[in-house]
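This document starts with one chain, in the form predicted alone, laid out as structure tokens.
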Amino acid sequence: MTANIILVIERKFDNPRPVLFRAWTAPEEMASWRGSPGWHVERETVSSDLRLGGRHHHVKVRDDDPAVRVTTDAVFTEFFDPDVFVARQRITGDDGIDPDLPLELRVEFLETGRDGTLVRIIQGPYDETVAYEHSQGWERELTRLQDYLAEGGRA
């Protein structure tokens, strides 16, 4: 199989861009909402050097089987607070992702109206056999982000 599918997922939030950007990038906030239902991010594994060329690391753990762990290591190749960040990622522990094939994650924060933000996630390349599953995972994570912000955000 050839990894050649790029995912594009968008969701509109009723929060200003700086709030969304911080929720995505500040380690203490990111650890509070990242992960699909049934997964969580180990707070102590999250580190981020928030600048161009800075490194990011986190580990997602399956709630019902802590031996299942997915590790993300990344380098920011673009970083413009609060507009966009791009990270070149190496993900290990996910059966659907070849750890030797880097992924690119681009997250855009587009202002809509007075205080709204459209978050656009662009990530890939994915193999077609796992692209839909990962797209659904992003949708579930964005719902968690929405819930986190509705509860007041900030860890």
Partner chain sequence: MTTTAHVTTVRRKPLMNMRQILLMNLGFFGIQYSFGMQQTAVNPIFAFLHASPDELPILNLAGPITGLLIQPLIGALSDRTWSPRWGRRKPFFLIGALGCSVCLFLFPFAAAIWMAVLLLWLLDASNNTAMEPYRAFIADKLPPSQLAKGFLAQSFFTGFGITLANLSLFVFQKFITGGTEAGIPYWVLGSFMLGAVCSIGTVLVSVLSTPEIPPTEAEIAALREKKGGFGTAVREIWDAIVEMPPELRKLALVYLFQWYAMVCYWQYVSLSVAKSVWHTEDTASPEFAKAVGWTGLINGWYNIVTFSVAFSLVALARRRGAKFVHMACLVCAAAGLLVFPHLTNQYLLFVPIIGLGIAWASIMGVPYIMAVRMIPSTRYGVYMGIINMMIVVPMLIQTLTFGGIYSTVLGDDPNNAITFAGILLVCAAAAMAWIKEPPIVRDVDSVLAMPKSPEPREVTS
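Numbering follows the first chain given and starts at 1. In this text, all values refer to a predicted model and were calculated from it rather than measured experimentally.
Unshown form predicted in complex with the partner chain; subsequent notes refer to it.
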item	value
Interface membership of H57, the partner chain in the predicted complex, 4.5 Å heavy atom rule	yes
In the predicted complex, P99 touching the partner chain (heavy atom, 4.5 Å)	yes
The partner chain contact at Q89 in the predicted complex, heavy atom, 4.5 Å	yes
4.5 Å heavy atom contact, N15 and the partner chain in the predicted complex	yes
Within 4.5 Å of the partner chain in the predicted complex, all of V75, E111 and E139 (non-hydrogen atom)	yes
Residues of 24-52 having any heavy atom within 4.5 Å of the partner chain in the predicted complex, listed in sequence order	T45, L52
